[in-house]
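The chain below stands alone, shown as structure tokens; this is the form predicted alone.
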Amino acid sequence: MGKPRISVHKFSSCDGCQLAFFNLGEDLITLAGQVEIVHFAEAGMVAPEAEVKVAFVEGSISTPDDLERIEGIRERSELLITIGACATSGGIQALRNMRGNGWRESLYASPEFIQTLDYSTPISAHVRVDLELWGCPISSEQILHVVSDLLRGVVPSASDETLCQSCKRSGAVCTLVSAGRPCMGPVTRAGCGAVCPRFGRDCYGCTGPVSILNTSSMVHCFEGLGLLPDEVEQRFRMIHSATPQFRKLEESNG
């Protein structure tokens, strides 16, 4: 048996999650010796029609061409793994979903030339996804763990514990309790290594919501810290506005 073939595909995104592969450094050389990377345009390998064991997909579905491409990738991939906020929840560009059909006119001088869908949606809204790696961007460690599991025949999994657990394990001081900052840690999933809290910054939720969370309590907490309703909404909506858990914000405020 040959090496497992993998591909990395880009949709509407900033390329930050693809850079997580390059940030592996020497580990990327090791990875390239364990798998066959057949398509990764940013690294120079171009074979978008290739059949693969694993397809990593970055970016949201934002254009008619995106819809056609993702269906083809799903058909040619044994496993499809989405990487990053855009692919898992629609990303920052999903903020346009709340503007209705008038968003093109507000951004472009000649909107009639813009070939795009009215909404930005995650990959899972259109095809079956086998695993989601959350983050904005994801970390290189997440990639290593997933590929390592696959090579050992282990079904990979993504974390669904809160960021607060990472803070406790790393010894980070709680910015919400100690500094009264509107930290999103209690409703955000771990995966980033609690980078911001470890440097004294409050979490802004880049790794997305945990599956079960108490949005209402978090909203009341932020209001108690003095945040106005639009400031609370911005905290929840900045990166993962399209996730069902954060869309419930209206109910919490209602």
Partner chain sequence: MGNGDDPQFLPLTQLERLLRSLRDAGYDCIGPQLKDGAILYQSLESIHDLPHGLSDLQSPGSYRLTENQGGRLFDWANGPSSLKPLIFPPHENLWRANKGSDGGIEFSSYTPDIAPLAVLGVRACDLAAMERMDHHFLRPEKQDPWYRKRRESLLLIVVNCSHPSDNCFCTSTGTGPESRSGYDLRLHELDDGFLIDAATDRGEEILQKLELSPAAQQMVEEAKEELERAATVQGQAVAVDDFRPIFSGREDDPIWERIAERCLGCGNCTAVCPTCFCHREEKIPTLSLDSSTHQRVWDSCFTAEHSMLHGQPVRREIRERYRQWLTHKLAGWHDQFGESGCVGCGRCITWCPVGINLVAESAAFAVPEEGVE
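As the structure is a prediction and not an experimental result, all values here were calculated from the model. Residue numbers count along the first chain shown, from 1.
Note that the form predicted in complex with the partner chain isn't included here; everything after this is about it.
When you look in the predicted complex, the only residue of G102, G72, P111, G180 with a non-hydrogen atom within 4.5 Å of the partner chain is G180.
Checking E49, E223, D27, D65 for any heavy atom within 4.5 Å of the partner chain in the predicted complex turns up a single hit: D27.
Contact between L79 and the partner chain in the predicted complex is not found at the 4.5 Å heavy atom cutoff.
Using a 4.5 Å cutoff between non-hydrogen atoms, H126 does not count as a contact of the partner chain in the predicted complex. Heavy atoms of M218 reach within 4.5 Å of the partner chain in the predicted complex, making it an interface residue.
Put simply, L133 is far from the partner chain in the predicted complex: not one heavy atom of it is within 4.5 Å. Three-residue candidate spot L144, V147 and R152; every residue lies within 4.5 angstroms of the partner chain in the predicted complex by at least one non-hydrogen atom. Residues within 4.5 angstroms of the partner chain in the predicted complex, judged by any non-hydrogen atom, belong to 167 to 175 and to none of the other stretches in 102 to 110, 81 to 89, 167 to 175, 118 to 126.
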